Structure formats: C-alpha cells, structure tokens
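Just the one chain here, laid out as structure tokens, in the form predicted alone.
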Amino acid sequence: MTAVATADRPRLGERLAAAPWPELAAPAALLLLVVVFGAADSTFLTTGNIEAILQASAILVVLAVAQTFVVATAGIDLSVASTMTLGAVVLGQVYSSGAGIGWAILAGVAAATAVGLVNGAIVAKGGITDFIVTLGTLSAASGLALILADGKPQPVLSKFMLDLSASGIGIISWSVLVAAVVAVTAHVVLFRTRLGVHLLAVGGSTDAARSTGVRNVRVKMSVYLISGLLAGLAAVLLVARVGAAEPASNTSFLLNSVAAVVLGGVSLFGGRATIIGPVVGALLLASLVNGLTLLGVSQFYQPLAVGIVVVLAAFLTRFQK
C-alpha cells in the first residue's frame, strides 16, 4: 500500500514543473530588491531615483522585447546591440549632414531594420544557424558603425531628442512611454494576431508548424525584421539619452537583453513566451545596478551580481513544462 502511494506521489521535478516559477521569479526578485535596497538606502525609493531607474530601463525594455520575438521561435539575435549602435551612428551622420532630425531618425531606424532583414534572410532562406549568422552581423555592424563614424562620437543637439529623454508626464519621460507602447503593442502582436500564433508554433516545433500550413521561412524572417526595427527604435532612445551617437558597441545591452528574457520566464527552447516577463526582467536589472551604485558597490562587482541572478533564473527555467 505504501509502495503504491509512493509511486503515485509526484516527483520533486514534476512538482516544480507544475509551479509557476518562471512567471513568478522576476516579480518576486524585483519586490525583494525594492525592499532590501529601500531599507539599505533611503534615496532608493525617492521620486528622482525611481525616475532614473525607469529611464535606464527604457532602452533595455525595447531590446528585450526585440529579443523575445526571436527567442520565441527558438532562435537568438546576438547582433541586437550592435544593430542599435549602427542605427545610432547612421542617425548621427545623417543629422550632422544638415538633414532634419526626422529624416535622421528614419535613416537610423531603416539601417537597423536592414540588418534585421539580412539576418532573417540568411537564417530563414540560407538555412544557417542563427547563432553563427547573428554573431557575424554583430561584428559586421560594429565595424560598419566605427567606419561610418571614423571612431568618433557625433553630437546630436536637437530639442526633440532632448525632450524625448528629459520631458514627459510626471516621472514618466517620453522615452519610458515609448518603451511602454512598444511592450503593449508587442503583447497584442504576440497573443492577438496570426503572426504571434505562428511564431509560437514554429518555436514549439518547426515540423508540426509546417504540417499545419505555417510558412516557417516567412515567420523566421518576420521576427528578425521586428528585432532590427526595435533595435533601431532603441537607437533613437539611446541617442536621446546620451546626446550623441556613440560608435563603440556596448555589449552589456546584448547580455542584459538576453538576461531580461531569461528572467522573464521566456523559454530559450522556443514555443513559450511572454512580454510582461522580460519587461519586469529589464526593470529588475536596472534596479539591481542602481541599488548597488547607491550602496557604493564597485562597478566591477555589478556584472557579477547580474550574472548570478541570471544563472539562478536559468536554473528555475529548467523546470518548465
């Protein structure tokens, strides 16, 4: 009798798989950080610091959403940060040529979108592994950005860009609102459109998706195109925040975009995704870095802390069904 009861009892791994760990990990960790840092430093929960955290997370939210679309199809875009850098440089170069800020923004977004289109075409039609393709375009986009800018930052002194970063509604700047609109739109696309259903199907099983009439090539191209487009939008927010187009690629944006996706409970094996999760993950990472800075922790230890958090989140995702 005891043996039968023991056999029928769910195993530990099965019980963990049934629990919503991936969905709860990021919100729980964010709440814990708020409590700990709020108690450790009285300035953490001030209006000014909350505004700074939201500002810092806006760019990462856009990049994390871009990465989510690719990861949902069981892929990865290693070039997203370099694509953003290239878009920023093109924006700066067009603006410095005398064109208006509107044309400069369009040029920057178009350049980043073109990189996404190249990635999608090679991955989907060329049949080459996304890791290799995006690793190559990571290097190519970084090199092209340095060539175009001659290795020098290009100041972008525009009232529109200044207002985008510094103005807004209360503590919510326009750049944060842009990131919020991107997240809401992405949620609608992912869960309320045919494209969203198809890309989750492709991520779950390419063969099964193909047998039901899903055009895998078109879906793959679409997600990389979306990733490039959002990287271009992130480039606009980056230039607005920094006040210049920096040609040096910031790899931390790439690592943190993947980290936010993992923290948000998106399956790296595809077929399972969420938008609110990566958004919370981006806020978590921004809050972590901000809190450590307020406590006077050396910036050399900050990547270590981020890495530990990501590994813990990845450990929880292994119990996903």
Partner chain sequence: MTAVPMLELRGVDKSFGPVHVLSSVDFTARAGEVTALVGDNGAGKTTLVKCIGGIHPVDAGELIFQGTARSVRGPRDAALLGVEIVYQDLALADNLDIVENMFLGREVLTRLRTLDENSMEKLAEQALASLSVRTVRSVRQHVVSLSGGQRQTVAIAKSVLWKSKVVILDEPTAALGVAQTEQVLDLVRRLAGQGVAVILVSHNMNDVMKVADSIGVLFLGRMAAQVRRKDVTQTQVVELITAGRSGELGLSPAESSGAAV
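Residue numbers count along the first chain shown, from 1. Model, not experiment: these values are computed from the prediction.
The same protein also has a form predicted in complex with the partner chain, omitted here; what follows describes it.
For this session: Assess the spot marked by Thr47, Gly168 and Ile172: is the partner chain within 4.5 Å of a heavy atom from every one of these residues in the model of the complex?
Result: No.
For this session: From the candidate stretches 186-194, 172-180, 156-164, 126-134, select the single one in contact with the partner chain in the model of the complex, where contact means a heavy atom within 4.5 Å.
Result: Careful reading of the contacts points to 186-194.
Exercise. With the cut-off set at 4.5 Å between non-hydrogen atoms, does Gly291 touch the partner chain in the model of the complex?
Worked result: Contact with the partner chain, no.
Problem set entry | Contact test in the model of the complex: Arg241 vs the partner chain, heavy atoms, 4.5 Å | So Arg241 does not count as contacting the partner chain.
Exercise. Would Ser97 sit within 4.5 Å of the partner chain in the model of the complex, counting heavy atoms only?
Worked result: Although the partner chain is absent here, Ser97 would stay clear of it in the model of the complex, with no heavy atoms inside 4.5 Å.
Exercise. Can any non-hydrogen atom of Ala208 be found within 4.5 angstroms of the partner chain in the model of the complex?
Worked result: Because a heavy atom of Ala208 falls inside 4.5 Å of the partner chain in the model of the complex, the answer is yes.
Problem set entry | Single option in Leu106, Val214, Val118, Ala149 placed near the partner chain in the model of the complex, where near means a heavy atom within 4.5 Å | Filtering the options by heavy-atom distance leaves Val214.
Exercise. Considering the partner chain in the model of the complex, which of Leu229, Ile76, Leu200, Ile122 comes within 4.5 Å of it through any heavy atom?
Worked result: Contact residue from the list: Leu200.
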